[in-house]
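Only one chain is shown below, in structure tokens, and it's the form predicted alone.
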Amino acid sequence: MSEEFVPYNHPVKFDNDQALINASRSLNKTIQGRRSVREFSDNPIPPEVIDNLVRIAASAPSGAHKQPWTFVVVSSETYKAKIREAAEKEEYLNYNGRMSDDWLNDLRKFGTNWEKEFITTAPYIIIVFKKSYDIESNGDKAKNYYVNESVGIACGFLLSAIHQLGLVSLTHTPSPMNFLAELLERPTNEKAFLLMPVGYAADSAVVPSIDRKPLSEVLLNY
């Protein structure tokens, strides 16, 4: 075997088909409970939990294993307040002229508006940045591949892990998001991809009553 490869070790957990089916049903039930939550508790979370969540997200596959992402974790009340102020400024403009009537109508059932209290209430926010290219030590640019796809998969890993720990999150994209790179002093090769508050749901939290498309609408078998 080439020295560039190592044996793959992933033990089989279930010794029969029915056990595997049952486990898949259980996992599906768990994941189906994930919802986007906008009402957070300010109860603290151990920093190691956030570190491990980022480790999980950063284990995602990426084009040519370039890992074109940076996860910026913000717990500072000062920075959260600055980010909320800037995000709400953009969102106010979105809700009052930038968004089309169709878009606003589609959002109405979620009860959202330009105010983003969760940014300052949640104990942590994670801003995911995509790296369009890397910068070598000598200043040269190094190309990254399938950047949006890679970072999107990493965010999916992160959302799933947050939910399975009993925590909640929300995918927020206060467009345009250039202010995040400016506030957090990120280099020019990094662009904000997603803002995600992380914490416990508030005791009074509610979510919209919505249905997901049935399997018959999203699955094709050949």
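Everything numeric here is computed off the predicted structure, so don't read it as measured data. Note that residue numbering begins at 1 and tracks the sequence as displayed.
Omitted from view is the form predicted together with 3-iodo-tyrosine, to which the following refers.
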| property | result |
| --- | --- |
| Triple contact flag 95, 116 and 172 to 3-iodo-tyrosine in the model of the complex, non-hydrogen atom at 4.5 angstroms | yes |
| 3-iodo-tyrosine contact at residue 145 in the model of the complex, heavy atom, 4.5 Å | no |
| Exercise: residue 120 in contact with 3-iodo-tyrosine in the model of the complex, heavy atom 4.5 Å | no |
| 3-iodo-tyrosine contact in the model of the complex: residue 112, any heavy atom under 4.5 Å | yes |
| Residue 99: touches 3-iodo-tyrosine in the model of the complex, heavy atom cutoff 4.5 angstroms | yes |
| Location of 3-iodo-tyrosine contact in the model of the complex, chosen stretch of 102-110, 131-139, 69-77, 148-156 [non-hydrogen atom, 4.5 Å] | 102-110 |
| Residues in 29-45 with any heavy atom within 4.5 Å of 3-iodo-tyrosine in the model of the complex | 38 |
